[in-house]
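So this first bit is one chain, no partners, the form predicted alone, shown in structure tokens.
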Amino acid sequence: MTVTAVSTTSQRKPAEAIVVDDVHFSYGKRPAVRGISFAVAPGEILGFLGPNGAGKSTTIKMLIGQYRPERGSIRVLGHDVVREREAVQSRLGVCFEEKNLYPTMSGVEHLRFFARLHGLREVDVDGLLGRVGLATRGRDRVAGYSKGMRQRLMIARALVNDPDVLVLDEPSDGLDPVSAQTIRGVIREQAEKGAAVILTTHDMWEADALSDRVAFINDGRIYAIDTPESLKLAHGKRSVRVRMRRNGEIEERVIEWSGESSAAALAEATSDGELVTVHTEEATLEAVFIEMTGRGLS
């Protein structure tokens, strides 16, 4: 009897949903991405944190197959994005920073149209609109949508094919605080379902709130990649801000927290007078970014 071995490689999901290896790209003679490498696991949210012009959007465009890397490679769900572009794009959900919507179409029509582009006949359009807070505006033309409503429709459109990889370029652009909170919840839900999520942002608070890990990118290079907490603990400074009332006046003192000497300094600062407030303050991602790169995020 002859036994034929059957390869199951194509059926196995890769350990990393996204693998970017030593990627380079230039606009003419101007380098935009200079040897970037990183990986994103299924169910993980990776935030790209950096100022405008740092290389975030260029990296995204290579990741989704719009740009071809000059050097290096990118694999998404085990597929090379250059040689197997169609296989990659069918499993991607993408939200661009640019609002490339059709103003004469309604929200419902947009989602149905993009579902057809993916070859899908059965899509819960009303459910998608409800998830992003557009349940009552789905039949309205996009021409009458506010900037924030258009952004939410862009997010819903990115979810039409229930993607295994979700790529978001400035996902909270134009959103009010309530809508931004809703969209962050949607992004977390997709990650919990197993999607690998990569988002670019120059908003350090959003990156801290959403990301499992963040990558600091500047001048086309990654300076650091780790969890927000680890980066803040390793590179930031913690402090305690104490406000005391003495002789009818409010005095404020900031104590850098670094060990036993800090505890003694805190005891001395609160030894007499009336304690008004005491707050611990940890480093922000923006402060760590500035320390590491020498520039801000805006």
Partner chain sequence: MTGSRPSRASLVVTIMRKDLIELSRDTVWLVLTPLVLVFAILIFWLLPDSVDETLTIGVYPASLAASLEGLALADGEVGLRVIGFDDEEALAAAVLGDGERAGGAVTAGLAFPTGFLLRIMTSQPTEVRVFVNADVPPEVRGALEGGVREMAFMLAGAPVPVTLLPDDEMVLGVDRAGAQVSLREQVRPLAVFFVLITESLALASLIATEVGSRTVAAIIATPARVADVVIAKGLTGTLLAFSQALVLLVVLQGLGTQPLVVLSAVLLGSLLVAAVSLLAGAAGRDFMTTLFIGVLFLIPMMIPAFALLFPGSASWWMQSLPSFGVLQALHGGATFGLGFGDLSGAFASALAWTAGLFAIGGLVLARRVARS
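All of these numbers come straight from a predicted model, not from anything done at the bench. Numbering follows the first chain given and starts at 1.
This next part talks about the form predicted together with its partner chain, which is not shown.
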query	finding
Partner contact for residue 181 in the predicted bound form: its partner chain, 4.5 angstroms, heavy atom	no
Residue 38 within 4.5 Å of its partner chain in the predicted bound form, heavy atoms	no
Interface membership of residue 87, its partner chain in the predicted bound form, 4.5 Å heavy atom rule	yes
Partner proximity in the predicted bound form: residue 223 to its partner chain, non-hydrogen atom cutoff 4.5 Å	no
Proximity to its partner chain in the predicted bound form, single hit among 143, 135, 120, 82 (heavy atom within 4.5 Å)	120
Candidate stretches 171 to 179, 155 to 163, 194 to 202, 209 to 217, one within 4.5 Å of its partner chain in the predicted bound form by heavy atom	155 to 163
